[in-house]
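First comes one chain, alone, set out as structure tokens in the form predicted on its own.
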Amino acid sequence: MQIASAVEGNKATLSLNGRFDFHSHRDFRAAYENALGESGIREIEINFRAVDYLDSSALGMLLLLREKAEATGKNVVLAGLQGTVKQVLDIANFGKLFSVKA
């Protein structure tokens, strides 16, 4: 999986591309740790537009990010959900745990 990071104002966007699975955990953690470390950032948006697969370890990574973000006063937003990725997150009720935008 590839991750592109961008910061605009008080929002950091992590755009994911490819398979979001256990093999992505180091890259994903490194990307969000940078965003968590920036004091001016209030929101971390995870863009799933180019993700074609995610597994249960990806769900765990998102939950860990949410926990760490809340501890630093930041909000996590899931964006660009579509296809099977959207179905998996819907089944897991992530819409109740995260802010979701189109």
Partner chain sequence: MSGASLKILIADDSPSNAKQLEILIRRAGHVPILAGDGRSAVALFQAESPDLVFMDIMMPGMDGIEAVRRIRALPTEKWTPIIFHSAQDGMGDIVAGLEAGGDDYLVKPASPRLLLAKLDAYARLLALQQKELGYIAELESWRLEAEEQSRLGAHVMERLTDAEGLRDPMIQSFNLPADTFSGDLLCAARGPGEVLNVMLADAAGHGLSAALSAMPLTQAFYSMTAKGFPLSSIAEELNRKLKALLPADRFVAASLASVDARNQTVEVWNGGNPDAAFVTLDGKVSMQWASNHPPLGILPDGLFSGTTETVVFHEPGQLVLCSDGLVEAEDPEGRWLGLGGTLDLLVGADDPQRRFAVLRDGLNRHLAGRAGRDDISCMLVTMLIERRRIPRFAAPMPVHQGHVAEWQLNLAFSAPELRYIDVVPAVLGFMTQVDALKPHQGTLFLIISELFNNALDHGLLGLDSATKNLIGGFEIYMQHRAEGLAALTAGRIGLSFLMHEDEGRAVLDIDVTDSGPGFDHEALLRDADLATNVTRPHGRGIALVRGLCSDLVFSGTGNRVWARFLL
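What you are looking at is a predicted structure, and each value in this text was computed from that prediction instead of being measured. Residue numbers count along the first chain shown, from 1.
Below, we refer to the form predicted in complex with its partner chain, which is not included among the displayed structures.
- Every residue in the set E67, T84 and L97 has a non-hydrogen atom no more than 4.5 Å from its partner chain in the predicted complex.
- Its partner chain in the predicted complex comes within 4.5 Å of no heavy atom belonging to S39.
- Of the heavy atoms in N93, some are within 4.5 Å of its partner chain in the predicted complex.
- Although the partner is absent here, A79 lies well away from its partner chain in the predicted complex, with no heavy atom inside 4.5 Å.
- When its partner chain is considered in the predicted complex, G73 lies well away from it, no heavy atom lying within 4.5 Å.
- Of all the residues from 11-37, the single one having a non-hydrogen atom no more than 4.5 Å from its partner chain in the predicted complex is R19.
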